[in-house]
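Next comes just one chain, in structure tokens: the form predicted on its own.
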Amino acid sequence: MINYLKNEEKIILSLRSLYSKYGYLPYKMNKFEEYDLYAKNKEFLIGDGVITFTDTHGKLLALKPDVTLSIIKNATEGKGTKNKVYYSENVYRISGKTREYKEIMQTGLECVGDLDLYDTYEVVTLAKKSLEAVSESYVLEISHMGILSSLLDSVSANEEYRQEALECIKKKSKHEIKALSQKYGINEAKTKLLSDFISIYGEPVSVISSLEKMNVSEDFALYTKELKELTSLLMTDDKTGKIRLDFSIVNDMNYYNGIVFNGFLSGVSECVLFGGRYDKLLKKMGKGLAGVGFAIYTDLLEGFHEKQNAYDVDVLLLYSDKTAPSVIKNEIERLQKENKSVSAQKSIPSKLRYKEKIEI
């Protein structure tokens, strides 16, 4: 039966099975939440569009653009405990491709509670395995917001400079860093420190080695040690070289801290998986917890699978008004026993892609 599912449906089923094996429980939510939940955390949302309406009691509600905020709101607190959930939910937001509102299937997981290094490792590993479930041609890029923050702390306390410097780091632009340093009066030694940092990218062992040689601060060294411990665990599982460290991954420092990561598939120009540690968001929402998780943007996979699969069905079965129903039934059953999908039609649909045509 699974052979007749759409590719997206097959992937979601395999991901649910994967997450369940690690003890994650399914999470369901309503189509809408109170708008206030999203209004207070707009910077955390992907995109800037939230569809709102007023219910029969005059309360302003929103079609959910995100699942993480709802999971955090409902997370239980307790020493040593963790809320481990996964979801496949439709969210409503502006599509990155069409810039129109769209209902998007989003699959992901969250681990919220009293977390340690293993929990971060587990979530990053599941992100890697999730990409593998879609395609063997993938890359998982990892960064650390603590490393970025402590580096900027050592250069300047000026918030405007920090924000502009982050944009330069995103673009990996040494030229813009030098121009920015001149604008804000940053000395040559600190400018060189940032320029050297921008150049650091690649496989974990060499990147960590470069970081360890940078004499920045105690916090920088501490975060580098944490990243080294995490990547050492990950590398015991990764023999394919699909993991890269890339500090141009920059998320909102008001929400994220620690490890952040993006996933890419060959043939898709945009990031298809996005995740990280968001303890600051939990604190902002009044929760004394830590959190780490990721989401897969299934709308981006639609185009990916269209490229990967040339046919909608294996067989187009054409019949006439004179064909007996029993003949159609027997032919379809014969083809299905050969594990072929069949579309029975009287004429050829204009948009149907088929591998084989049979007329009876």
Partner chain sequence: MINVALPKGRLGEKVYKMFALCGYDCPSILENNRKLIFENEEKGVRYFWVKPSDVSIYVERGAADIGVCGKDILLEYEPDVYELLDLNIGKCRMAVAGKKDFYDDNTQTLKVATKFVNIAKKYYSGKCRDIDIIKLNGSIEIAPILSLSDVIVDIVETGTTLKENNLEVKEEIFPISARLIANKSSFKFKTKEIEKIAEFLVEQVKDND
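The model shown is predicted, which means the values in this text are computed figures rather than measured ones. Positions refer to the first chain, counted from 1.
Not on display, but discussed next: the form predicted in complex with its partner chain.
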Stretch from 170-178, 282-290, 149-157, 84-92 whose residues place a heavy atom within 4.5 Å of its partner chain in the predicted bound form = 170-178
Among Y138, E141 and S248, does every residue place a heavy atom within 4.5 Å of its partner chain in the predicted bound form?
-> yes
Tell me, yes or no, whether R244 is in contact with its partner chain in the predicted bound form, where a contact means a heavy atom of each within 4.5 Å.
-> yes
Taking 4.5 angstroms as the cut-off for heavy atoms, does Y161 touch its partner chain in the predicted bound form?
-> no
Exercise: Y101 in contact with its partner chain in the predicted bound form, heavy atom 4.5 Å = no
Is there a heavy atom of Y184 no more than 4.5 Å from a heavy atom of its partner chain in the predicted bound form?
-> no
Could you check which residue among S269, T236, T240, N215 gets a heavy atom within 4.5 Å of its partner chain in the predicted bound form?
-> S269
Just one of L194, V207, L227, L265 has a heavy atom within 4.5 angstroms of its partner chain in the predicted bound form, so which one?
-> L265
Those residues of 195-223 which, in the predicted bound form, come within 4.5 Å of its partner chain by heavy atom = Y201
